[in-house]
Each structure stands twice: as C-alpha cells, then as structure tokens.
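Same protein, same chain, two forms; see structure 1 and structure 2 below, as structure tokens.
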Structure 1
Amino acid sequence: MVSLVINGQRISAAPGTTILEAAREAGIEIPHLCYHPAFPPVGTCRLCAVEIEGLPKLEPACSTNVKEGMVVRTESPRVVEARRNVLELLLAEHAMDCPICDKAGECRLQDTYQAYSLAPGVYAEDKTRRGKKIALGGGLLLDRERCVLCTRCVRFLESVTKTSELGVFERGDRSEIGCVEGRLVDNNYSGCLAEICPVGAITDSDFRFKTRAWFLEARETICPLCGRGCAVFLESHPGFPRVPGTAKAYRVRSRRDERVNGHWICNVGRYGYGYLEKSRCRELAGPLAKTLNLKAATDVVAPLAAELRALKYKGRQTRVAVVLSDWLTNEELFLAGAVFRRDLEIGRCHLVGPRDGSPDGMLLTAERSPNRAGAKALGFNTEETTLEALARDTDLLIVFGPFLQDRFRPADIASAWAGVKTKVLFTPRDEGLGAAFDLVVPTVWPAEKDGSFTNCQGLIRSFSPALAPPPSAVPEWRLLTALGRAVGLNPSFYIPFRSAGDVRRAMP
C-alpha cells in the first residue's frame, strides 16, 4: 500500500490508485464532471485539479496516481480559485434554466457552483444558441446548450456497448455532441446515457417533466426482470398522507455491484417497472371470498388449511396440485416446500414463470425470472407443465403468481380447469386470470417485501422493501408461515418465523 496525506489526513491506497479515488475512499469528495470510474480518465473538465506539494502547478486528481509520501491539498485557496475560474468558463455558455431542468437537484455542475462560486455572470454578450431538443434515439433528448462536453456518453458507447453512435464534432467553442453519420442510439443500454450525464444535457423521456428528483425516495433493491438480478435503486414518490394510493415508482437507476452488473443496467430493467402498478390485485375476489365472507388476505388461511387437512387425513393429497412462481423468494420457496411437500406430502408441485426472452450478450439473460436458480437449488422441478396435467384428478389447485397468463390464454385456463372443485390464486396482478379462480388473494411484488434471490451466477443476495405495497396485499412468506401453523402437522417449526430474515436463518 502507498501512504500519502490528503488535507492533513494520512491515508493508504493501493498502487495505481488515482488521487480522486483514494480521496473518495477516505471520505474526501473532489468535484468532477468528466471522470467516471468505469472509463479511463481524460481530464477534460479540470474541476478535480488539486495542489500537490513540490509540484509547480495544479494537477488533475482523476488522472494522477498516488505516490509514497505525497502531500495533497484539495481545498487550498489556490485550488478553490482555480475551480471558480473553471466554473466561470463552463457557465459562460451554459443555459441558465435550472428551474425547468430535469437534472436540477442532482446536477454535478449545479452542486459545484453552489459549493465554490455563487458568483453572478460577468459577460454582457449573449450566449451561443444551440439545439435544445435533439432526438438521439432510445427516448433520449439532447440539449446542446447544457452540454459541458465531458464526453461520458461518447466513451460509454465506445467502451461499454461498443456501438459508437455518438461523437464530438467541430472544434473549439463550436464543439458539440452529435450522432455519427446520422445514426440514432440503438442499443439495450441507451438509458445509461441519461444516468451518467453529469448535467441536464441528455434527458430521458421516460422521466422527463414527471416529477422532481428531491421528491423521490431512492431505495436499494434487485431487478427481478431477468436471471442476472442487477443491483438497482427504485425511486418512488412517497405519496400524500391524505390521498391513499398516491405513492408511485418513477424511476429505476443502476446501483454499483462489481460481482453482478458493475455500473450498468439494461433498458429492460430500467424501463420495465410499469408492472408495479399495472392491473394491481388490490382486494380479495372470487365466489369463495363472498361465500366465506372473507375480508382480508390472512382470512384465507383458516379455510384453506382446513381443506388441506381434510384431504391429507383422507389420503387424498394426490388430488392437490400446487403451482409456484420463480418470482418467489428463496424464503418463500423454502416455506412452500416445507408446507406442501414435507408436511402435506403433495407430490404435484410445479414451477411457472414468464416466458424466456432473448439475451443481449451483456447483462440481460434469456430467463426472465429472478430466482429460477434458487428454485432449482431448493429441489423444485422447473420443467413446463400443461393445463390438462394440472386439472387431471385435481380437487384443489393452488397457484402463486400471475405468470400462467403469459403462457396460456385466460379463456383456455378457465375451460381446462372447469372441473376442478376449488381453485385459489395468490397474485399481485390480475389481468383476467382471476376470472378462472374461485378465490383471488392479493400479494406483493419483490420490490415490496424482503427476502433473497439466487441469480444465474449462483449468488444469493438479500433485499429489503423499496416500495410500500397496497394495504390489502400480504407477502407470500407471511401467508405460507400462517398456513403451515394452521395446517397443524408441524406447528412448532413455523413459530419462530416472524420475518423473512428468520426464515433465511433457518434455511439449510
């Protein structure tokens, strides 16, 4: 390790580490625009210039490696004055439209100006007029008046996607970002450009003018839209206390995880969060809910447990079929195995998830389920089944998840299962599938509960709720725990489980 001093604080860093990275690891933030840890440094913005003892001029922290005994000052009067001068030049041609810019509140240029300058403009000349709404493709819009030519977007397309749709054109103060040979940005990671843009030059039509960044709560979770399980932030508006149901997810951003997705996420994960609101199952439904006068999701446990017990005591558990989802967490699959396979000795437990898609050769996998690897590890059969096989000699059919309708039409499901005596569906979404069931119970999406997934690399990763579920919806692990107790075949096993963490600790 290399020992150096930054702002009077002695720190250690690995050889080859830049001053900016070493300072960040020590909790010292050095302002920058062009630097990004995923790309080689270019040192174009000059905001990260620092004073190094023994050197005659300021050096860029993003491209200067640490050395033994180095003494660095990041906030000396000389450094602060240099940053003010850089800001003056950047803002000389920068559009002063912060009140209407989508990046306001999370703009690096705005933050640096507030920290180091707050100086009024000194130029009497008009700013140069440039293009304001240039379509780049992929729902992205470029505002050249806001661009600071950090070239993050260009370097991303050159080194990450290797598609090189953008470049820097012209020279000097006429330099601008544009599409190469008229090509639009067309790749599965285009949404990353708006995220890595340090200012409001590239904005995303998916988020543009919908809300303000400071109204959003960003919480860590895992993307469930493919087997990779990328680390993400789900950003949502908490809603208004006097207006129920106003909480809403507005954006998904990447969260750095070098083991899984590095700095990036694909467009499927970034823009696919609409499922969180689409056709939510918000209350108990179906004929049985009215017949049994059920009011809440947990009221379902007692009658369902009674029917399962009766079939077990009569030796008719072979007439029970269970369909699980590979969107269930490891904890929920473990509980389902304990209740249905171990205690009730039900052999007909199947797994159904969304249909596979096409991989993109980078992060997006063919399987569009977050926990198929976890289901396999827990011993569940992932081979496809048929509607006829599920209906054959079945008196009670229990289904978790909405994904049967991704594989079969609701009308075909209703027709094939017409002879099944009791059909129960636990689902967070109902787009017509519930009409084929006698009882529909609202549950939650992965982002609304805690648990863990096993991704396609075999990594087991825990997550916490990132979004508040509808009041009527209940996590499946709670229902399964209550069902295991109510069935009464092994009640002491389920007593310790008061949280998903308790279940996780009990898993082998």
Structure 2
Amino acid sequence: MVSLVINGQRISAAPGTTILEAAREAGIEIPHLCYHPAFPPVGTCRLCAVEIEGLPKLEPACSTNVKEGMVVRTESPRVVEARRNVLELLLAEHAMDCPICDKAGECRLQDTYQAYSLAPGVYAEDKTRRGKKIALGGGLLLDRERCVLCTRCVRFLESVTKTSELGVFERGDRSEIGCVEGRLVDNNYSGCLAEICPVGAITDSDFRFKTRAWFLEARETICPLCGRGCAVFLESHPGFPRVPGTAKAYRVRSRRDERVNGHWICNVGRYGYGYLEKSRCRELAGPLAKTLNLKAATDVVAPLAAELRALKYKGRQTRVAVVLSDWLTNEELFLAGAVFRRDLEIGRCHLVGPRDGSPDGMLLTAERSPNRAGAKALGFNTEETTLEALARDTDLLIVFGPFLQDRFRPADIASAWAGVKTKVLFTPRDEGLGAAFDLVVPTVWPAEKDGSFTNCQGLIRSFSPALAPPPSAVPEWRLLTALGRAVGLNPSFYIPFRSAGDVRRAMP
C-alpha cells in the first residue's frame, strides 16, 4: 500500500490507484467530467487538476497515480482558481438552457458550477450555433450546444459494445460528436449513453421532458427481465397526493455491481419497465370472489386453504395442479415447495415463465426470468408442460404469475381448462386471462417486494421494495406464508415468517 496525504488527511491506497480514485475511496470527491471508472483515463476535461506538492504544474487527478509520501491538495486556492477557469471555458459556449434540460439537477457541469464558481459569464463573443436535436438512433438525441466533448459516449461504444457508431468529427472548437449517415447507434446498450453523458448533451426520448430529476426517488433493486439480474436503480415519482396516478416509475438506471453487470444495463432492462403498469391487476376479481364475498387478496387464503385441506384429507391431492414461475423469489419458491409439495404432497408443481429470447452475448441471457437458477436449485421442474397435462384429472388449478399467455393462446387455455372445477390465478398482471379463472388475486412485481434471486452465475442477491405496489396487491411470500399456516399441516413452521428475511434465514 502507498501512503499519501490528501487535503491533510492521511490515506493509504493500492499502488497504481489514481489520485482521483484514492480520494474518492477516502470520501473526497474531485470534480470531473471525462473520467469514468469504467474507462482508462483520458485526462482531457482538466476539471480534476489538483496540486501536488513539489510539482510546478497542477496535475490531472484522474490520470496521476498515487506515490508514497505524495501531498495532494484538491481544494487549494490554486486548484479552485483553475477549476473555475475550466468551468468558465466550458460554459462560454454552453447552451445554458438548464431550465428545459433533462439533465438539470443531476448534471455534473451544473453541480460543479454551483459548488465552485457561480461566476457570471463574461463571454462576449457570438456563440456558435450547433445542432440541438441530432438523432443518434436508439431514441437518443444529441444537443451539441450542451456537449462538453468528454467523449464518454464515444469511448463507451468503442470499448464496451465495440460498435463504435459515434466519433469525434472535425477538430479544435469545431469538434463535434456524430455518427456516419445511415449508421446510427444500434445496439442493446445504447441507453447507457444518456446515462453516462455527464451533461444534457445526450438525452433519451424515453425520459425526455417527462419529469424532473429532482422529483425522482432512486431505489435499489434487481432487474428481473433476464437471468443476469443486473443491479439497477428504479426511479419513481412519489406522486402528487391529490393527483391520482402520478406515483409511478419513470426510469431504470444501472447500479454498479462488479460481480454482475459492472456499470451497465441493457436496453431490455432499461426500457422494459412498462410492465410495472401495463394491464396491472389491481383488484381481486373473478366469479368466485363474488360468490364467497371476498374483499381483499388475503381473504382468499382461508377458503383456498380449506379447499386444499379437504382434498388432502380425502387423499385427492393428485387432483391439484400448481403452476409457479421463475419470477418468484427464492423465498417464495421455498414457501411454495413447503406448502404444496411437502405439506400437501402435491406432485404436479410446474414452472411456467416467459418464453426465452436471444441472448446478446453480453449481459442479456436467453431466459427472461430472474430466478430460473434459483428455481432449479430448489428442485422445481423447469421443463415445459402442456395445458392438457395440467387439466387432466384436475379439480383445483393454482397459477402463480402472468406468463401462461407467453406460452399458450388465451383461447386454448380457456378451452383446455374448461373442465377444471376451480382455477385460481395469483398475478400482478392481467391481460385478459382472468376470464378463464374463477379467482384472480392481485400480487406484486419483484420491484415491489422483499426477496432474493439466484442469477445465471449462481449469485444469490437480495433486494427490498423499490416501488409501492397498488394498495390491494399482496406479495406472494405473504400469501404463501398465510396459506401454509391456514392449511394447518405444519403451522408452526410458518409462524416465524414475518418478512422475506425470516424466510431466507430458515432456508437451507
């Protein structure tokens, strides 16, 4: 380890660490634009210049390695003067349209200017007019009047996707980011460009003008849209109390996890969050709800438990079929295993998840479920089943998850299952499938619950709710715990489970 002093604070860092990274580790943030931890430093924005005792010039912290005994100052008058100077230059030709810029509130340039400068501009020359709405492909728009030429976007496409759709064209102050005619940005990671742009030069039409960054709450979660399970932030608006429907998710951003996704997420995960709202199952429904006068999702537990218990006592548990999904958490699958397989000794527990897609060779896997590996590890059969097999000699069919329609046509489901006496669907989404069921119970999406997934690498990671579910929706683990208790074959087993964490601790 190398020992050095930054702003009077003694710090030790691994040899080969840059000053910027060592400082960051120690909680000292050095302003920067072009530096990004995913790329080798280029040292071009010059915002991170710091004073190093014994050296005549300021040196870029992003590209200067720590040395034993080094004394660094990141906030000295010389450093701050230079920083202001760079800010003045960057802002001289900058668009200054922060009031209508999507990046406002999370803009590195704006933040640094507010922290260090707040100097009025003295630039008295005519500003160069540059393109403000250049379509880059992938729904991205480039505003060259906002661009600071940090080249993060170019370097991302060069080193991460290796597609190099963007380049720096022309030179000097005529330099501009661009792509070649007919060769727009076209890859499954293009959404990262708007995210890594430190200013509002690249904006994303998915987010453009929809809300302001400062309204959003960013919560950690795991992307459920494939087996990778990338670490993400789900950003949502808490909603205006008197305006219904304003609380909703606006954006998914990548969250650094070196074991899984590094700094990036794919477009499927970034833009796929629409499922959270689309055809959302919000209320208990189905003819049986009326008959039995059920009001809330949890009201389902008692009659269902009674039915299951009755079948079990008659030794007719073979007339029950259960469909689970690999979107359920490890805890839920564990509970389902305990209730249906261990306690009730139901043999037919099948897994139906979304159909596989094509993997992209980077993060996106073929399976479009977050927990196939977890389901396998818990001993669930992930092989395909048929509607007929599920309906054969079946009186009670319990389905968890909204993915039947990915595999079967709704009309086929209705006709194949017409002879099944009772069909119950637990789902966060209802796309017209509910009509085939006697009871439809609203549940929650992974982003709205506690739990853990085992990703395609075998990593088990837990998560907490990042979003509030619809008021009447209940997480599956809670329903399964209640069901286990109500079935009464092994009630004490379920009593301690007051949270998903409790379940996790009980798991082998």
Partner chain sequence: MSHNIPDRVKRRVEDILSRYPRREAALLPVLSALQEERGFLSHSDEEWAADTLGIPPAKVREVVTFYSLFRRKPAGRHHLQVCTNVSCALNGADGLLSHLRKKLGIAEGETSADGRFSLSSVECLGHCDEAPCLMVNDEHYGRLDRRALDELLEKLE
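If you superpose the two forms and keep the largest set of C-alpha atoms that fall within 1.5 Å, you have the rigid core. Since this is a predicted model, take the numbers as computed values, not measurements. Structure 1's sequence is the ruler for residue numbers, which start at 1.
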Query - Form predicted together with its partner chain - structure 1 or 2 - result: 2
Query - Shift of G419 between the two structures at or above 2 Å (CA, core fit) - result: no
Query raised in the report: Comparing between the two structures on the rigid core: C-alpha of S164 shifted by 2 Å or more?
Result: no
Query - Core-aligned C-alpha movement of S205 between the two structures reaching 2 Å - result: no
**Report entry** C-alpha positional change at P244 between the two structures - rigid core reference, Å
**Finding:** 4.2
